[in-house]
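One chain comes next, on its own, written out as structure tokens in the form predicted alone.
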């Protein structure tokens, strides 16, 4: 039997291109269904873990999936806005703690998440370097943002305009990095966290400029009275907030109607959650309250329906590949008839020929299995990052 394996190995080594092709084909057919299962399982874990730990979500009426994906995973699909009055409503109910979110803007490709310090406590995040934001224009960045942009505490990051043809006069805001979060293997690693007021400054609801009383250029003053001074658009606008110009920043309008994208509501207990849900269902309002876990479960239900279809396709492809490999072996044996005939004339029995062929097939299958197993180990090691990049980010 050892002699059969030796001869089979010498034949395989000589015909390395054909052998490599067969090994790759068998490995790929074996790898695909297992890889799909691993990635779907990890996707389910990542989606459900974040949704399960978020009890209730309040936002504008509309697509609940867009609301959940934007609020929990900071997707680019923006739901309709609600106002700060919604936060006051939750607080006055004494049923849940509201954590406001405003996830409209980006810094490069990373989402800027306007929220409060309660968010870090709610998610269980720790700041490994620096401190939390404490004033306008300060930011705490996720671990991936710090690594990819090579940012450290004391550095800065610019907000990006929503489009290249923004004529609204809203300038990019240079935000100072005051802290870096510990890596969590979640979407928070790729986010820039700031105070809500900072996001409103980015939007243009608040701004800072030089003291109008100290303007020396008369062309910048359109009108002046005892109560007010009207200036032109040429007046210098601050694009960075620091201790020197902090006092110059101010907001216009009623803060209670300033926008939010969602509110995470953390109820005191299940009874409080049920009462709060009932109030939103019974009232005629332009807001909705959802349980993220149920929304994601519905999403996963659709994904698993698609998975069944993909499994069927993979099975058909696998059958076709097995038939093709069988055809390759059959043609190979036909081309080797003279070789097999020579072996028989040398006095070897037909069982010896079968052993030789079986040894060749076994060696190819073993190499394919080893390659497939190695690829699955690598996939399993990086599954979190792969799913995070391809399916959730």
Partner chain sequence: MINIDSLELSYGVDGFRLSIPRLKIENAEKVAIIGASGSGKTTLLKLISGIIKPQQGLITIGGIVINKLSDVECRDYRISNIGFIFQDFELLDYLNVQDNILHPFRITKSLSIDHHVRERMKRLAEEMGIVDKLKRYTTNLSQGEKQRAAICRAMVTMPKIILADEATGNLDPSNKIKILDALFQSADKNKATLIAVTHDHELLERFDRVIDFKQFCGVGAV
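Residue numbers count along the first chain shown, from 1. Small disclaimer: the values here were computed from a predicted structure and weren't measured.
We do not show the form predicted together with the partner chain, though everything after this point is about it.
Chemist: Among 344, 354, 361, 331, which has at least one heavy atom within 4.5 Å of the partner chain in the model of the complex?
Modeler: Residue within 4.5 Å of the partner: 344.
Chemist: The partner chain isn't shown here, but in the model of the complex, which of 33-41, 62-70, 49-57, 344-352 has heavy atoms within 4.5 Å of it?
Modeler: Answer to the contact question: 344-352.
Chemist: Would residue 14 show up as a contact with the partner chain in the model of the complex if we use heavy atoms at 4.5 Å?
Modeler: Because a heavy atom of residue 14 falls inside 4.5 Å of the partner chain in the model of the complex, the answer is yes.
Chemist: Within a 4.5 Å heavy atom cut-off, is residue 18 in contact with the partner chain in the model of the complex?
Modeler: Taking the distances in the model of the complex, the answer for residue 18 is no, it never comes within 4.5 Å of the partner chain.
Chemist: For residue 7, is any heavy atom within 4.5 Å of the partner chain in the model of the complex, or not?
Modeler: The answer is yes: residue 7 has a heavy atom within 4.5 Å of the partner chain.
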